[in-house]
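In C-alpha cells, the next block holds one chain alone, the form predicted on its own.
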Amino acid sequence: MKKLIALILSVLSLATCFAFSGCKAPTPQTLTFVAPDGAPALAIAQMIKENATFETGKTVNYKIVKPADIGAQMMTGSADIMIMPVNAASKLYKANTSDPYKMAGVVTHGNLYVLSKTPLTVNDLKDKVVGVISQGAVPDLTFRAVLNKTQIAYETSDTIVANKVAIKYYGDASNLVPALRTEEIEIGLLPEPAASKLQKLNTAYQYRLDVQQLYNGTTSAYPQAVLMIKSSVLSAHPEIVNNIVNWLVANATWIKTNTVDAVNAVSSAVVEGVTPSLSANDITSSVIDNCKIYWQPAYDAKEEVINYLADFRALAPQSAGAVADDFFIL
C-alpha cells in the first residue's frame, strides 16, 4: 500500500511540474545517425567502429539502411544526423516543419564510371547502347546531365538509335554486371565498387569514362551525398558540426589503409533484414579513391549544389527541390 501511495504521489508531482512550473521533458540520451548502404556509408566507417559520440555526452546509434529507405528516415524525422543523396535531401529537408534539417556539407562527390572492352570517348557513345542503372535516380540523372552538357542526343531504347545514345535501363548494378559479363550489352555505367567488381570478373573491361570529370572538368566531382543535421540537434550541440567534420576528415584517410575494418564496421551497423552490399574482397584503396569520399563544407559547396539540383530539375522536375539559404549551414 505504501508503495502504491508513493507511486501516485510521484506521478502527481510530475504532472504538477509540467502544468505549473514549466519543467522540461527529459532530454533524449541517444542520437541516431543514419546513412545509406554502399559507398556513402564508408564515409562514417571509423565513427561506427570507434563509437564516436562527437563530444555530445550521448550515445550515438548508427544505422545503415537500404538506399531506397533513406528518404523515409528524413520524412519521419527518425534520424538526428544523416547522410543522403543531395537531391532527396533538397525535397525532404523541411518535411518535419517544426524541426527541419540543415546541410552541413558534402561527403561524397561521385563514383560513376563507364566501362567497356574497347576505348571510348563520350562522343563515341552515339550509335551505341549503354546500360544504365536506377532510372530516374542519381546515376541516370547525372549521366543524362552529362549528355546534355556535351549536346549529345539520347533516348531510351534496347537497340541502336542513329546519331543518339540508346539508354537501356537496369534495376541496379546486380542486374547490369551479369548483362555485361554475358555480353548482353557491351557498355555500362556503374558505380564503385560494382565497377571494380566487373573488372575483376572480366579483365577485358576497363574504366573508359569518368562521369565526374565529364560533369565538371574543373573539379572532376559533383555533390552526391551530403551531411544533414536536425535543427534541434544543432541548437543543443553547437559544436557538433566541427566535431563530426574532424571525424569525417580522419576517416577519409583511415578507410584507405583499413579497408577490411571499414567494411566490417559498416556491415555491423546494417539494420535487420538488409543484406550488406559491401564486401571486403571488393574494397581496395583505389576503389575508395574512385568513390571520392572527402569533406566539403556547405558554404564552399553551395553554388555547386544549386547548379547540380537545377540540372536534375531540368531533366525531371520532381527529382530535386530548389533550395535557398535555409537549406545550408553557412
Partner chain sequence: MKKVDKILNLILPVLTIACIFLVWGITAKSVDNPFILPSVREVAISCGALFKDKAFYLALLKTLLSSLIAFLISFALAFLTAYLTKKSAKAEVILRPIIAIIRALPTVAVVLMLYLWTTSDIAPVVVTMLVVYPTLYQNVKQALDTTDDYTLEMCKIFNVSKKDVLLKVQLPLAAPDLLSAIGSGLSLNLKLMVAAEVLSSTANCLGFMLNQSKIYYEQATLIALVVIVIAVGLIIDGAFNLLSKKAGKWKC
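What you see is a predicted model, and the numbers here were worked out from it, not measured in a lab. Numbering follows the first chain given and starts at 1.
Keep in mind that the form predicted in complex with its partner chain is missing from the display, and what follows is about it.
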query = Would its partner chain in the predicted complex be within 4.5 angstroms of a non-hydrogen atom of every residue among 187, 264 and 284?
reply = no
task = Determine whether any heavy atom of residue 102 comes within 4.5 Å of a heavy atom of its partner chain in the predicted complex, and answer yes or no.
result = no
task = Evaluate residue 235 for contact with its partner chain in the predicted complex, applying a 4.5 angstroms cut-off between non-hydrogen atoms, and reply yes or no.
result = no
ask   = Taking heavy atoms only, is residue 171 within 4.5 angstroms of its partner chain in the predicted complex?
value = yes
request  = Answer for residue 197 alone: is it within 4.5 Å of its partner chain in the predicted complex, judged on heavy atom distances?
outcome  = no
ask   = Pick from 201, 75, 250, 153: which has a non-hydrogen atom within 4.5 Å of its partner chain in the predicted complex?
value = 75
ask   = Looking at 257, 123, 135, 242, which is the one with a non-hydrogen atom within 4.5 Å of its partner chain in the predicted complex?
value = 135
Interface segment, criterion being heavy atoms within 4.5 Å of its partner chain in the predicted complex, picked from 163-171, 224-232, 112-120, 189-197 = 163-171
message = Do any residues of 56-76 have a non-hydrogen atom within 4.5 angstroms of its partner chain in the predicted complex? If so, which ones, in sequence order?
response = 68, 70, 71, 75, 76
